[in-house]
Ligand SMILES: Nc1ncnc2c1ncn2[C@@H]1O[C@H](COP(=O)(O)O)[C@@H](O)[C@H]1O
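Below you will find one chain, with nothing else, as structure tokens; this is the form predicted on its own, and questions on how it binds or moves follow later.
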């Protein structure tokens, strides 16, 4: 039976569950078991999701020392001979994955967004050239298959009520670290567009009136996001950019205002339930993916929709 090791980043536990779908697609119909590596604490969402949870508590890993975690994962691979090792492309994951790949002398595919099986060969899809193309990379080397996986791309809908076994792992290697924990500062809470169920997103068509999107987003209880064109123009922060070079989002409703819908942008939309496009060009690529297409001026659309929402809210009082 194949074995798959998944690194659980405690700050982004949801992404570890997403990686279960990656494991399912990698092994296809072959039987396999999943192992979750938890550092410091066992994330509640991991219970029942994985077959095995491996817990490590060591002074070196408390500082999120990627070097120490890579050594731990190397020791685990020597014991279990994993067929695949999956790491979320979070801040710590992007530091950890290349270190581990070097230690194991295997290839690494970063920021994977899709898995395919072509002529019996596993292929990993990732954006290349700033998201302008999608590269399909074949796995021809020895195991383990190693990759970091972009957040919020895969959706796992299988059983989350497994009889999970627990194990505390004690590394044999010297994990002495030069990193010292000086103090903890609470990070100010900020809204992430990846967590929003409603996104009002603007592109080049609303460049001059991008500030108007906030009014509609507030009326719908959602957040504002933007295309790369708006971000590169300096109008919006990269933290709200949707696309391959931005963030991958999965809202229930995505309102695309003046967005053309290039491959780079569309690849940032995964598992979106409903898309409404407003564009003067009804043949824009984003329109072919939309449930509703409104042909016309996006700013005028915002004004009329906000007025309608306010009017209905007043009538209901």
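Numbering follows the first chain given and starts at 1. Rigid core here is just the name for the largest C-alpha set that superposes within 1.5 Å across the two forms. Owing to the predicted nature of the structure, the values given are computational and were not obtained by experimental measurement.
We do not show the form predicted in complex with this ligand, though everything after this point is about it.
In terms of contact with this ligand in the predicted complex, the residue from 212, 229, 247, 77 that brings a heavy atom within 4.5 Å is 229. The contact residue chosen from 278, 49, 36, 68 relative to this ligand in the predicted complex is 278, the criterion being a non-hydrogen atom within 4.5 angstroms. Within 4.5 Å of some heavy atom of this ligand in the predicted complex lies at least one heavy atom of residue 284.
Contact annotation: residue 298 falls within 4.5 Å of this ligand in the predicted complex, judged by heavy atom distances. The shortest heavy atom separation between residue 205 and this ligand in the predicted complex is within 4.5 Å. This ligand is not shown here, and in the predicted complex it never comes within 4.5 Å of any heavy atom of residue 255. Between 149 to 157, 216 to 224, 197 to 205, 78 to 86, the stretch whose residues reach within 4.5 angstroms of this ligand in the predicted complex through a non-hydrogen atom is 197 to 205. Along 18 to 33, not one residue places a heavy atom within 4.5 Å of this ligand in the predicted complex. In this overlay on the rigid core, residue 230 has a C-alpha that sits 2 Å or more away from its partner position between this form and the one not shown. After superposing the rigid core, the Cα of residue 250 is displaced by less than 2 Å between this form and the one not shown. Comparing the forms between this form and the one not shown on their rigid core, the Cα displacement of residue 284 reaches 2 Å or more.
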